[in-house]
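What follows is a single chain, given as structure tokens, in the form predicted on its own.
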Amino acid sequence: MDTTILLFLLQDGLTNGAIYALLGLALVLVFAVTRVIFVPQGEFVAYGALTLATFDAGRAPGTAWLGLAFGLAATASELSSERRRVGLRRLLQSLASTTAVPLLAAAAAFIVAPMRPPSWISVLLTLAIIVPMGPNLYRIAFRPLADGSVLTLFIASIGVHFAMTGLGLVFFGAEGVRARPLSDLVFSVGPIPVTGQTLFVYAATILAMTALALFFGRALLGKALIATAMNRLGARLVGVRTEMSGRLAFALAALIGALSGVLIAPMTTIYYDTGFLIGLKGFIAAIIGALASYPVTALAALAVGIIESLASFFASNFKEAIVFTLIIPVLLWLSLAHGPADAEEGH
């Protein structure tokens, strides 16, 4: 292997690692706030990519209907848990918080899609459709189990993953698609061609990490999330609405997932079940970061991307096995270093 090939592999690894870093950060965020190991994180990636590709084809995506269905289901879930408080005013408030954005996004999608809008409009519509699914999914599947054990939440998360994968097959079919590039820019750095799409990936990762750091460090909502992550009961006692924290964490996770899907849609062919494998690699990075450290998770994700890229050159048939094997020594080290711990500690 010469230097040029190595540089190509490193570029590919860093690009993939940047996506894994985004997903890893989302997984750490959701687990820290809600104790949910969010297995369906990759489905938001697939939904984002497939929705964008559908817009590029001049059709309204099925996720527009799915987002509206999620909103109605979330309203029904909220009202069923508050049967004594149900009234017209409460019903309208719930519908406004769960279905207003999905309804507007669906209407815009069906009006705009046949016009084949510019890429930036398609991206905004994609985010408007996918992001509200996050908090609505929390209302439907996880809020009723908020006081359950980590294992209970994990089982629910697996169930949601299978449901969302099946819905992806229903709405998008089994064929793979690829979106048009967000930028036609191409230039060379030495022997390596660099595309505008690759720069978008790097810029989005850096901006997301910076925005999260500022959000948690300075914003009141960010500090509420930190308080919820440190001690749910204590946060409740000082007036933090932990339910609101959960919805916000899931909204950020959906935003990061959809944005990741938008970024990779022009770079690789995406299928309805592609997101699971991508999400698993973000999960490896999150585990290396002990589901707690954002900087370690980001660095681990870059390492996972580079190792995957090198493995695809030296042992392509065993690429996935090599990547997933990384988690074994980490789990052993964490087990030996920390010993047995109470999974509900701090909550």
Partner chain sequence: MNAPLLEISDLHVAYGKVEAVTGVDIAVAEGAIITVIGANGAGKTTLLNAIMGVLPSRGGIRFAGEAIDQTPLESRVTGGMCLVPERRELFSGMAVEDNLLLGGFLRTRVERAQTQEEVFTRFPRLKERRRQLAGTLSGGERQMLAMGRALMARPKLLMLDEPSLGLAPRIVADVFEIVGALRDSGVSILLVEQNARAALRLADHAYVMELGCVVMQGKASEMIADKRIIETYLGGTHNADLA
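This structure is a prediction, so every number in the text was calculated from the model and none was measured. Positions refer to the first chain, counted from 1.
What comes next is about the form predicted in complex with the partner chain, which does not appear here.
*Asks:* 271-279, 182-190, 123-131, 235-243: which one contacts the partner chain in the predicted complex at 4.5 Å, heavy atom to heavy atom?
*Replies:* Stretch 235-243 is the one.
*Asks:* Can you tell me whether Leu255 touches the partner chain? I mean in the predicted complex, with a 4.5 angstroms heavy atom cut-off.
*Replies:* So Leu255 does not count as contacting the partner chain.
*Asks:* Consider Met230 of the chain shown here, and say whether it contacts the partner chain in the predicted complex, taking contact as heavy atoms within 4.5 Å.
*Replies:* Yes, Met230 sits close enough to the partner chain in the predicted complex that at least one of its heavy atoms falls within 4.5 Å.
*Asks:* Any chance Leu220 has a heavy atom within 4.5 Å of the partner chain in the predicted complex?
*Replies:* Flag for Leu220 set to yes.
*Asks:* Does Ile226 reach the partner chain in the predicted complex if we count a contact as any heavy atom within 4.5 Å?
*Replies:* Contact check for Ile226: yes, within 4.5 Å of the partner chain in the predicted complex.
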